[in-house]
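One chain is shown next in structure tokens, namely the form predicted on its own.
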């Protein structure tokens, strides 16, 4: 059996701001092609900083970060970033916001309309094409943000608490929608969250980080079969046991 391609490879990463204690201290992590990895940890442990370094938005003091091509001849891989708060253009409609992703992807202009219509259907926003962000709920705005990210067609998705500002019920719905969409494309995802239940419900693997300087203190493979329903999964005793194990690890590492 051929080895699994590492889509993301982080080796001995250290990040520090000025002369302060490092925000991240000696983190190494491999994310396989098509793998969904969630990262949990206390506030200030460097979870978001880690994503920013991968995205090229933050410099590292030492270590290496590499996002792999599928083949040596392929262009540089595209990295998509989704934040906790939507970054939609307030003066642009749903359609126009999604078109930004199409433009950044290099998709020919004549193919934008077809691609946008497909994505609006995928994230279930039919009928809202001409609405502005101010007229949408928080969950709907995040659907638009997700559609824009999908329009960009990145090789790896970096998601920094994308549903953290939503109410509990909407968060569950958005998690289910994300899994449905991910099942269709199977692109690599690195998903940062404070919500341990969300991490276990969504991911193939949960990485636990300890307090500053951030470091990896545990890694758990999530064995539940796919496709998953995050809502019904929470009734499985194994789900509760894994959540409690991670809580205990965070308490020790804090």
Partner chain sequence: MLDVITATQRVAPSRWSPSRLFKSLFFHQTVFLAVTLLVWEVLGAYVFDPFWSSRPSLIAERLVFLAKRGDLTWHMSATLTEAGLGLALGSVVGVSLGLLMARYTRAARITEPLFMGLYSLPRVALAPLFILWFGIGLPAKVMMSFSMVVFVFVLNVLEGVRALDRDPIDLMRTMGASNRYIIRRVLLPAVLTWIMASFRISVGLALIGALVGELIGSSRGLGWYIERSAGQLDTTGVFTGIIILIAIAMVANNIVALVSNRLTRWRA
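None of the values given here were measured: they were computed from a predicted structure. Residue numbers count along the first chain shown, from 1.
A second form of this protein, the form predicted together with the partner chain, is not displayed here; the remarks below concern that form.
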### Task
Spot the stretch among 206 to 214, 219 to 227, 53 to 61, 191 to 199 with residues whose non-hydrogen atoms come within 4.5 Å of the partner chain in the model of the complex.
53 to 61
### Query
Taking heavy atoms and a 4.5 Å cut-off, does residue 107 contact the partner chain in the model of the complex?
no
### Message
Within 4.5 Å, heavy atoms only: does residue 170 come near the partner chain in the model of the complex?
### Response
no
### Task
Find out whether any non-hydrogen atom of residue 117 is located within 4.5 angstroms of the partner chain in the model of the complex, and reply yes or no.
no
### Task
Find out whether any non-hydrogen atom of residue 181 is located within 4.5 angstroms of the partner chain in the model of the complex, and reply yes or no.
no
### Task
Scan 169 to 198 and note down the residues that get a heavy atom within 4.5 Å of the partner chain in the model of the complex; none is a fine answer too.
none
